[in-house]
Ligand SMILES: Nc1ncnc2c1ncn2[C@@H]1O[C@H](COP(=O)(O)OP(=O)(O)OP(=O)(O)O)[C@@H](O)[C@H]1O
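The chain below stands alone and is given as structure tokens, in the form predicted alone.
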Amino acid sequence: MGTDPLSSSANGASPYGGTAVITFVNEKGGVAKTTSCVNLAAALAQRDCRVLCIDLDPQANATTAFGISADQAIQREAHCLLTMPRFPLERAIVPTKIENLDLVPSSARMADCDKTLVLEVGREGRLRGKLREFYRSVLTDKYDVVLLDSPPSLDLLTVNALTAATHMIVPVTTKFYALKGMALLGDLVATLHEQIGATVKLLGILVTMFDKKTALDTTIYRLLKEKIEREYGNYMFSTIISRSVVVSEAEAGGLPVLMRDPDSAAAGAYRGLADEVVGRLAAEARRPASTVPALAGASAK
């Protein structure tokens, strides 16, 4: 990719030929994790980036949001990718209605992965291995960025996402307990770094479901920003994702809001997030990898 802004090969951070693999992760549900993953994918695709989204959540909300049917999902899904050693990544990929954007769909069967993988050797790195094989193959068309939608829990599916990812985005809401889950996530990332050589780094913390008309939300946002900057550094995205009915309506129709209502404020916000993501990856590629801390390292500040 050379000068591609989504390439992190300049600092050797990615084992996938320079491709950034970004997971959206938060052990708490209801923080617009899937919504943000889906719409960032669409925004990057609109920038002429080739994007692959992998749905690792048994609720399959990302799959539904892209308009993929249950029949398509059951035949080609992330469940097979994680539980079948010889099942290649390319076999799980389906096209979406959006140009430049493909998906590995999910279904309720993903919930069985923990039970299936629990006794297997190398279970934490199954997805990482499949991504490496895909990017080493001369027979596969490559993507500029891969986005992973993980479930709202710190189970083996999330562990696989964190082990495979080069970066993570943590969506949080303007609640007093927003950083409670960050401590648990930081502990998990530290363990993965130490025990199995994961290299995932914090790309940013994204405030979602914000209501600017509510004085309490505004106050908590300010306090949250101060606390994040004090404990983790300058990792909060400038883009704020406001609470929006338009987004929910778009997802119900099987399309990201950028395609359903491209002139809406919500669509504009996700385009702004895409700008920040590309900018941060480009800035990281220009500096030594040792200066880009993981969440575990950043939390020690």
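Each residue number is its position in the shown sequence, starting from 1. Just so you know, these numbers come straight off a predicted model, no measurement behind them.
The same protein has a further form, the form predicted in complex with this ligand, not shown here; the description that follows concerns it.
Comparing 57 to 65, 44 to 52, 230 to 238, 272 to 280 against this ligand in the predicted complex, the single stretch with non-hydrogen atoms within 4.5 angstroms of it is 57 to 65. The candidate spot formed by Thr83, Gly125 and Leu192 is out of contact with this ligand in the predicted complex: none of the three has a heavy atom within 4.5 Å. At least one heavy atom of Ser248 is located within 4.5 Å of this ligand in the predicted complex.
Taking non-hydrogen atoms only, Ser264 never approaches this ligand to within 4.5 angstroms in the predicted complex.
Shown alone here, Gly29 lies within 4.5 Å of this ligand in the predicted complex, counting heavy atoms only. In the predicted complex, at least one heavy atom of Pro152 sits within 4.5 Å of a heavy atom of this ligand. For the partner-free chain shown, just Met209 of 198 to 230 comes within 4.5 angstroms of this ligand in the predicted complex, judged by any non-hydrogen atom.
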